[in-house]
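Heads up, the chain below is alone and in the form predicted alone; it's given as structure tokens.
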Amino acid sequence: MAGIATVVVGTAWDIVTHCQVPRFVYNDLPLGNPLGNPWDIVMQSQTMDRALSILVDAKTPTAEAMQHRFSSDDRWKMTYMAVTDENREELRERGEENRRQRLADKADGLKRE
């Protein structure tokens, strides 16, 4: 409405469609990977190409699902980023290491951009 066209590229169909954004490109991938699988330049480029096409061409509100897949089946949805008794300690240790590294980086004057 302000003359600035936008496209949301995301992985949470229910949330984004509920917000009624005017242009939405959806990938059924894990959160944090809206453009495509990590290091899959072809998938990510296809998603960007589609988003830019919708940005230019859409005359009415548009929500489009890409046909990309994270893996050959949907079993990943049941285990992706799951915390279990088997991995709880490893995840705790990784979190502690991450916090230590961030504190060290901060002490060295480094920051996230």
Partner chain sequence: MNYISYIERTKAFYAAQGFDVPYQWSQHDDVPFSPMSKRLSDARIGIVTTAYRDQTTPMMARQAEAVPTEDAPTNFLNEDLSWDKETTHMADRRSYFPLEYLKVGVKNGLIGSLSTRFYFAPTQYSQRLTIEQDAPAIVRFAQEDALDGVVLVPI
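Under this definition, the rigid core comprises the largest set of C-alpha atoms superposing within 1.5 Å between the forms. Because the structure is a prediction, the values reported are computed rather than measured. Positions refer to the first chain, counted from 1.
Just so you know, the form predicted together with its partner chain exists too; it's not on screen, but the next bit is about it.
- Under a 4.5 angstroms non-hydrogen atom cutoff, its partner chain in the predicted complex lacks Glu86 among its neighbouring residues.
- Its partner chain in the predicted complex comes within 4.5 Å of no heavy atom belonging to Ser72.
- Comparing the forms between the shown form and the other one on their rigid core, the Cα displacement of Ile15 stays under 2 Å.
- Positional change of Thr79 between the shown form and the other one reaches 2 Å or more at the C-alpha, relative to the superposed core.
- Annotation: Ile15/Leu91 CA-CA distance shorter in the predicted complex than in the displayed model, change of at least 3 Å.
- Here's the thing about Asp14 and Met81: their CA atoms end up at least 3 Å closer in the predicted complex than they are in this form.
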